[in-house]
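A lone chain, given as structure tokens: the form predicted on its own.
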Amino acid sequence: MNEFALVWEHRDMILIGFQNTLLIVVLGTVGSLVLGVLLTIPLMSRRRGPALIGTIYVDAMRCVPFLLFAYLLYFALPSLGLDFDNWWTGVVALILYNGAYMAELFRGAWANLPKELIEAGQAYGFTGWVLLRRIILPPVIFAAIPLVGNQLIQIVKDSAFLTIIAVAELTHEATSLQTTYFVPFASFLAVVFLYWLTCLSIESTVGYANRLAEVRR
């Protein structure tokens, strides 16, 4: 039987993996964005302690390969009493890892904010969380949109590594299919196409969001 015909016949395996990948990417994206914003606050703090802790965490994540980090988390969480299954371990790994990159992107955008903007907000009586939410975060997020888009694509690519901890995502299902029926070219070409479609959708969405941000500026 033709390789592509065989892959089409068992497309349910690929589609299940694709569905899992999309869900993992969505959860990983939302979680890493939230973690990135939270980490940016200590990174930009004038107090040495919080800034040092935030910097150590971000640097540690940026220096560890994601493949190794996913493995480490897979074996570390049970020893800490956290009974996560493979799927949720993969999601947590994506969030903790990519949240550090998001924080660095937001930190750079925050550092480039005009001081006059923050001073104007303080002059109007904004302080603390209100100043952060109303004055600082909106322009920081808008400025970081193109770079965040690149990181979202990286999350998609990182999700493929979760096959090492037996998460039933797209690459894992393609590997199972080619192992069972020995159709490596057709099965992997199919998932490459689906990854490409996913990244293309992200690029289009980020481009649209960036155009909206330009209008608001």
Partner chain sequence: MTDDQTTMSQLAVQQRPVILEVSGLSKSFGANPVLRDISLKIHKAETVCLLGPSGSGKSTLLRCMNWLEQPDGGTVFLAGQPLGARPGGGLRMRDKELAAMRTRIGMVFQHFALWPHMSVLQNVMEAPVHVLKQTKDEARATAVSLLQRVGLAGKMDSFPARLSGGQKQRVAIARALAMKPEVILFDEPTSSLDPELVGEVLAVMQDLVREGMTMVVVTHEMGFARDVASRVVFMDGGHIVESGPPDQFFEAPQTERARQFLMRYAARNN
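What you see is a predicted model, and the numbers here were worked out from it, not measured in a lab. Positions refer to the first chain, counted from 1.
A second form of this protein, the form predicted together with the partner chain, is not displayed here; the remarks below concern that form.
For residue 139, a non-hydrogen atom is located within 4.5 Å of the partner chain in the predicted complex, even though that partner is not displayed. Taking the partner from elsewhere, residue 125 is found to have a heavy atom lying within 4.5 Å of the partner chain in the predicted complex. Mapping the unseen interface onto this chain, residue 108 falls outside it, with no heavy atom inside 4.5 Å of the partner chain in the predicted complex.
Residue contact with the partner chain in the predicted complex: residue 120 places a heavy atom within 4.5 Å of it.
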